[in-house]
Ligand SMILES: Cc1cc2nc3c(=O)[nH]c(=O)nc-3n(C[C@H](O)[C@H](O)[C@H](O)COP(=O)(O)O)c2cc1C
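Below, in structure tokens: the form predicted alone, a single chain.
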Amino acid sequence: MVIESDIFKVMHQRRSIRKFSEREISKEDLEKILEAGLRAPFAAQLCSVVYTSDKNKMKEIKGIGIYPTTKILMFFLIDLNRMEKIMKLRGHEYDTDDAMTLWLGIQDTTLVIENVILAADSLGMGSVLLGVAPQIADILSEVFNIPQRVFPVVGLCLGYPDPSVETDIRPRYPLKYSAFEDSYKELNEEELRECMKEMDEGYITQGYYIKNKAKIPLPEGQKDEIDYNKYSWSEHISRKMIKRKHVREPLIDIIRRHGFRID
């Protein structure tokens, strides 16, 4: 096994993998990855993970676009159920703001996810995130026997990359427009356009949306005058935000249905 020990190299070369090889992930390596994940900093250890390598179980999970070559499918959960049980063992009763607890749980969970991704990449594996997981919380609860007061934040497809498929490292906003010393910086139009240019030219050069046939149609009645040669990241993310493409119902309603008290 080749292990990449340069953490900066792992971070800068990481990219999403959507097609995996037939190579299986050993139990030893899976446990190593999960243990590394759970070593992340935490507010209250409010993260749990459910995972499966069962293809039939994966097929039960509708509406999330799981990649068929995925070797292991994971979901990262905010777990208040366990915390409340621990509190009872200490003779205490939970009585605080669920919104703040959920916020802390998101912090815990995302830190674990990042550790898992980096650990997997350092072992030569790859992954892709499934951000729509909260919208299918009902299905996930049924498939994985998830109780009330436990809620999915994100999913992760994991496996060894298919060597026949080339994947590019995606661009990012320039550092100076994302990291500010001493005071937040309001970007002017020229600076915003520089951010857009960095992202848009990178995606267009790589042919990302053409390869993936990922163009989002405009709302009904709006004429689409942008072809794939000009269809860029900033246009794509904007269309996601106006069309509500992946929103089945308000997220707050789903969260309440899973036992969280949000006023």
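What you see is a predicted model, and the numbers here were worked out from it, not measured in a lab. Residues carry their position along the shown sequence, with the first being 1.
One more form of this protein should be noted, the form predicted in complex with the named molecule, which is absent from this view; the next part is about it.
Enquirer: Whether R170 contacts the named molecule in the predicted bound form should be assessed with a 4.5 Å heavy atom distance threshold; does it?
Expert: R170: contacts the named molecule in the predicted bound form.
Enquirer: R248 near the named molecule in the predicted bound form, any heavy atom under 4.5 Å?
Expert: Close contact is absent here: in the predicted bound form, R248 is far from the named molecule, nothing within 4.5 Å, heavy atoms only.
Enquirer: Answer for M83 alone: is it within 4.5 Å of the named molecule in the predicted bound form, judged on heavy atom distances?
Expert: No, M83 stays farther than 4.5 Å from the named molecule in the predicted bound form.
Enquirer: Taking any heavy atom pair closer than or equal to 4.5 Å as contact, tell me whether S21 reaches the named molecule in the predicted bound form.
Expert: Result no; S21 lies far from the named molecule in the predicted bound form.
Enquirer: Sort through 142-150, 96-104, 126-134, 180-188 and report the only stretch with a non-hydrogen atom within 4.5 Å of the named molecule in the predicted bound form.
Expert: Within 4.5 Å of the partner lies stretch 126-134.
Enquirer: Quick one: from Y67, F42, Y228, Y51, grab the residue that has a heavy atom within 4.5 Å of the named molecule in the predicted bound form.
Expert: Here the answer is residue option Y67.
Enquirer: Could you tell me which one of L192, V154, L111, M87 places a heavy atom within 4.5 Å of the named molecule in the predicted bound form?
Expert: Flagged contact: V154.
Enquirer: Under the 4.5 Å heavy atom criterion, name the residues of 15-37 that approach the named molecule in the predicted bound form, in sequence order.
Expert: R15, S16, R18, in sequence order.
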